[in-house]
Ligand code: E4P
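Just one chain follows, in the form predicted alone, and it is written as structure tokens.
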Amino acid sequence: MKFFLDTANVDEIRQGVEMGLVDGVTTNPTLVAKENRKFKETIIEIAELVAPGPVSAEVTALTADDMVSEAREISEWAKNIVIKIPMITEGMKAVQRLSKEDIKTNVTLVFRVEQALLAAKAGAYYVSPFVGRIDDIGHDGMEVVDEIIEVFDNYEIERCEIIAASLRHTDHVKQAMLLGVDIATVPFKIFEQIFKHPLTDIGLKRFLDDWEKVKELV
């Protein structure tokens, strides 16, 4: 499973890249706004940090023509930029047109298996079911991810990868691994938590305490 960081914080991304464990980044206007930085310069810097890994940058237009125009401009900023397109009818028109121009797209705001299949048929390179937001309305977000995996297997859809998005905790990440999803995109805080276990901390402390006892004998 590949790991993407869901953030626009350059310092967080740099830390992830230094670990050698980050395969890409997903962003959106909300994440960029939190950093109080200009959108274009932020996306370009992130793209340089994670290259050749993909960086998903979202359009804000609501019509197919405007989405395509905006996507063309953004895709010129770096070779590894992927365009995030919302799962709406105008968005699918844009995805189809962009795929013919070899501009990769990530269809976002997916909440049903049917939406995911439509996105793949339109030519999306990635599809992003929002697990946490599905959970928020009393349904099982991971069940939707499982259904998407099954349907993509049924129809041998290989060109479109599934990104488990809106992951809220490490158990979401574990479930994504068990399901065999292509990619999990996670906030940096959750990425850090994956490393942690109380027994790891206890074991390390014990090793260090024992070293203090024997180091003078070395």
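Quick note: we count residues from 1 along the sequence shown, nothing fancier. Predicted model only: the values in this text are computed from it and were never measured.
The same protein also exists as the form predicted in complex with the named molecule; that form is not shown, yet it is the one meant from here on.
Chemist: Taking the partner as it appears in the predicted complex, which of 151-159, 24-32, 42-50, 64-72 has residues with heavy atoms within 4.5 Å of the named molecule?
Modeler: Checking each option against the 4.5 Å cut-off leaves 24-32.
Chemist: Taking K84, F130 and T185 as a possible spot, do all three reach the named molecule in the predicted complex with a heavy atom inside 4.5 Å?
Modeler: Every residue of the spot touches the named molecule in the predicted complex.
Chemist: Although the partner isn't part of this model, could you tell me whether A176 comes within 4.5 Å of the named molecule in the predicted complex, counting any heavy atom of the residue?
Modeler: Because no heavy atom of A176 falls inside 4.5 Å of the named molecule in the predicted complex, the answer is no.
Chemist: Considering non-hydrogen atoms and a 4.5 Å limit, does the named molecule approach H169 in the predicted complex?
Modeler: Flag for H169 set to no.
Chemist: Just to confirm, V55 within 4.5 Å of the named molecule in the predicted complex by heavy atoms?
Modeler: It does not: once the named molecule is placed as it appears in the predicted complex, V55 has no heavy atom within 4.5 Å of it.
Chemist: For the heavy atom contacts within 4.5 Å of the named molecule in the predicted complex, list the residues of 1-17 involved, in sequence order.
Modeler: Residue within 4.5 Å: D6 only.
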